[in-house]
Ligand SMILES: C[S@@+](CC[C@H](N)C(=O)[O-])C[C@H]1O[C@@H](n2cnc3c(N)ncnc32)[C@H](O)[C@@H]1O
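Below you will find one chain, with nothing else, as structure tokens; this is the form predicted alone, and questions on how it binds or moves follow later.
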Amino acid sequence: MMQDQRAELEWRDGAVPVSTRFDDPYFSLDNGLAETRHVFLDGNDLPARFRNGFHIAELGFGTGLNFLTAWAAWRAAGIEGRLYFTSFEAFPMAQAAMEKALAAFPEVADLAARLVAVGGGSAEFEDATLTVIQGDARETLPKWDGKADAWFLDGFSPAKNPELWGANLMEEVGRHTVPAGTAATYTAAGFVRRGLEAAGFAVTRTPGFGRKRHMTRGVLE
């Protein structure tokens, strides 16, 4: 992989990775793990909807924290069977940087160590299948043959990374969602909500995490 396809980082307070490409942190400066639970688990009514074969898809793998949080919730729920998690990532983070970033979350340390040990990308675990599809999601998502029960829309800020939030990509998200499937995101940007609505989601604005007043949830009609 060419070097310029890797995530370009600087570290805030020595612990929070910030994308220099998009000038945006990878997770909340308040509490990244709590934010992930609030936005992506609660936002998709998880773990209540978990069942064998449940499939989560994500725009923006980043540090892998969302996957680890979902995997930990899956295990805590005691679901029999397998969780599937597919993530679309244009600029994968180097293994060493991922390990450094995830060190901030001791609650998922055991699972994080396993993710880092397999290179921080696609892997088969005993109860979870992780697939990280590298490249521009505008090109890779239309070619994907899967459908998700729940979407984690976690690209960098729409103001700084608008190509990951466009109407055409939201249409692809809808096309790759099962009937009555859900999507959640930390952003409440109007054009994102409108894109999800045009893609067939019934969209609601709900309280956000920390300093973010609102976030967005959607259910495919």
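Quick caveat, the model's predicted, so the values are computed rather than measured. Residue numbers here begin at 1 and follow the sequence given.
Not on display, but discussed next: the form predicted together with this ligand.
By the 4.5 Å heavy atom rule, the three marked residues 26, 63 and 137 all count as contacting this ligand in the predicted complex. With this ligand omitted here, the record of contacts in the predicted complex names 161 to 169 of 49 to 57, 189 to 197, 175 to 183, 161 to 169, defined by a heavy atom within 4.5 Å. When you look in the predicted complex, the only residue of 90, 72, 115, 148 with a non-hydrogen atom within 4.5 Å of this ligand is 90. Proximity of residue 43 to this ligand in the predicted complex falls outside the 4.5 Å heavy atom cutoff.
Not displayed here, this ligand is kept clear of residue 35 by more than 4.5 Å at the level of heavy atoms in the predicted complex.
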